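The data below hold one chain only, encoded as structure tokens and taken in the form predicted alone.
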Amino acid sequence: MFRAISTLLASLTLAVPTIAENPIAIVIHGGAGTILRENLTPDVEAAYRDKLAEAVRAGHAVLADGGTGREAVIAAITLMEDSALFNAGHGAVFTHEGRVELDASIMDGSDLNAGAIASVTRVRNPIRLADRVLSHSPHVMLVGEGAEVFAADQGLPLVENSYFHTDRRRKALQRAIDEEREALSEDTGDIPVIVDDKHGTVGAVALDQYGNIAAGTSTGGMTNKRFGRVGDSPIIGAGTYADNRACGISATGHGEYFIRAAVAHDICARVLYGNRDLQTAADEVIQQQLVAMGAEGGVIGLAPDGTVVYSFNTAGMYRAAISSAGELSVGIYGESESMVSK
């Protein structure tokens, strides 16, 4: 009798799926826009591919070691924030006044909890501060000096604004100011909006072995921005969204339009309520709705089964992924480009 019960219990135990059987996957982006092969030297292209691969591997290593999706998102984005190649953290673009202002957000699809920060000027890694807002604050978004006081209370590294500065971005600011002056001399006097031809933002979406999806986004915004402008990256539902029932999304593009269209949430809602697969939902929003609005940009996404999705209506988008099968791929140019496995 005892042996029969033991055998039955053993068979039931074997029938229960283990955590290790759940898929893990991660996808990242480093911005979208007019990214053309002829405009990148072989060395610059290689630098982007190498950094994208390094960042996505760092996030995947967290997942493979049993870490959470949020931890993986932070690991991947932190590496890109620390790289001068991307418009986030060190290497972010300048405002009209010649300083760097940073925005970031992160969301946990298991309980729809989220954290976001905007217009910070001294936080070395904004994605880490966004995560602390999620986990250690009753609020969802903190901005400016208040967010930096909170960062100090949390023991996060603060740096001088000059830490974020690079010659490349300073030259970009001067070009934008020169274009603005030229436009003003030919216009009626209204301040024109000079839009970057590359929408610099970084983001990551991760699915962990516990079945939870997390998404995060970080940016320096638009070159020559003024008046405290904030785009979609720190806006939950616009630039970032995660829901275990549907998907995780991180966006990059002309933020004003992504806010108006609630892009990240809309894609997840089409999956959840419209019975679309994630690729179809993403394409409907990015390739149809945004195009009709005259907006450029793209998204990365993950479905609950680990399916990786990209959709962008620009010439290129810096992107990389490690699929649930463990395959690494990196891409830069149009969607027709065969993703380069490394």
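Small disclaimer: the values here were computed from a predicted structure and weren't measured. Residue indices: 1-based, along the sequence shown.
Although it is not shown, the form predicted in complex with another copy of the chain is what the next lines describe.
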Only one of 203-211, 229-237, 168-176, 79-87 sits within 4.5 Å of another copy of the chain in the predicted complex by heavy atom distance, namely 229-237
Taking another copy of the chain in the predicted complex as the reference, which of 73, 249, 102, 107 has a non-hydrogen atom within 4.5 Å?
107
Is residue 294 part of the interface with another copy of the chain in the predicted complex - any heavy atom within 4.5 Å?
no
Whether residue 276 contacts another copy of the chain in the predicted complex should be assessed with a 4.5 Å heavy atom distance threshold; does it?
yes
Consider residue 113 of the chain shown here, and say whether it contacts another copy of the chain in the predicted complex, taking contact as heavy atoms within 4.5 Å.
yes
Heavy atoms within 4.5 Å of another copy of the chain in the predicted complex: does residue 128 have any?
no
Which residues in 139-164 have a heavy atom within 4.5 Å of another copy of the chain in the predicted complex?
139, 140, 141, 142, 143, 146, 147, 149, 150, 153
